[in-house]
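Given next, in structure tokens, is a single chain: the form predicted on its own.
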């Protein structure tokens, strides 16, 4: 199977501003989730908190490779996808704090939000179910004459479900321009890969669907972005589905209620040493795309945005109970 190397890549084929935008998205996501963890433990969050610590390179690297007409079905660890597509940090805090001004107007205080005007579907706790939504959406846009592609995000556990099989098989039969982004973080909640599947790599399943499978280092935003730009560019000309397996490990538990004690300490240490943000900083400075001081400035700007965003959201109103039945049914 083709494997995209995680080193010796030419960053100069992409404009400098694009790399800085990817790094900024990763920082905004990490810093936002750090604040959400604190708000969760202060009992200010409505619902659970599921972070993408360790996944930032995947969402940022893929979503920044998309175009205006493309569609996305992010999963629970893909805050980077929402931010890359244009959602504000303020709206993220409004959502998790269940404010009336948020994307779901306080109807949901969790991960079930999206913005179709930004090409992002509101997710369900799907385990593969949103792949078929992405397939239908991108087929509709293609019939409208748009050169759209879709990116559907799933974890390794979702690849063991019937929804995954049916959607990927359908996309293969009808040459749907679909990139299935498998975020392989080694555990489906607490179930290790060794108890999920027998193939060596999940993309080993791709030939059974008659499609291509590609592996990338999911902790390397440069490798992810360059490979996805290549795949998406080809998809626009020759529509077809592709499986993209991104190797990573979530740094924290399944959610903030989970201490992740089932993950071996040696494995945690191995992936912590390859933190996506540290990797991206190293790549940008080594390639002289940016200096450490310039990246520090981005860090500071992101932190300021996060601090202002959550404070503003906290000051905004909760939904009026009198509006409870609004938006439940189509009018």
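Positions refer to the first chain, counted from 1. The structure presented is a predicted model; accordingly, all values stated were derived computationally and were not measured.
Keep in mind that the form predicted in complex with a small molecule is missing from the display, and what follows is about it.
Asker: Among 208-216, 180-188, 167-175, 135-143, which stretch has residues with heavy atoms no more than 4.5 Å from the small molecule in the predicted bound form?
Answerer: After filtering at 4.5 Å, what remains is 180-188.
Asker: Any chance 30, 221 and 281 all have a heavy atom within 4.5 Å of the small molecule in the predicted bound form?
Answerer: Checking in the predicted bound form: none of 30, 221 and 281 is within 4.5 Å of the small molecule.
Asker: Would you please decide whether residue 155 lies within 4.5 angstroms of the small molecule in the predicted bound form, comparing each non-hydrogen atom pair?
Answerer: Yes, residue 155 is a contact residue.
Asker: Indicate whether the small molecule has at least one heavy atom within 4.5 Å of a heavy atom of residue 125 in the predicted bound form.
Answerer: So residue 125 counts as contacting the small molecule.
Asker: May I ask you to check whether residue 99 falls inside a 4.5 Å heavy atom distance of the small molecule in the predicted bound form?
Answerer: No.
Asker: Whether residue 254 contacts the small molecule in the predicted bound form should be assessed with a 4.5 Å heavy atom distance threshold; does it?
Answerer: Flag for residue 254 set to yes.
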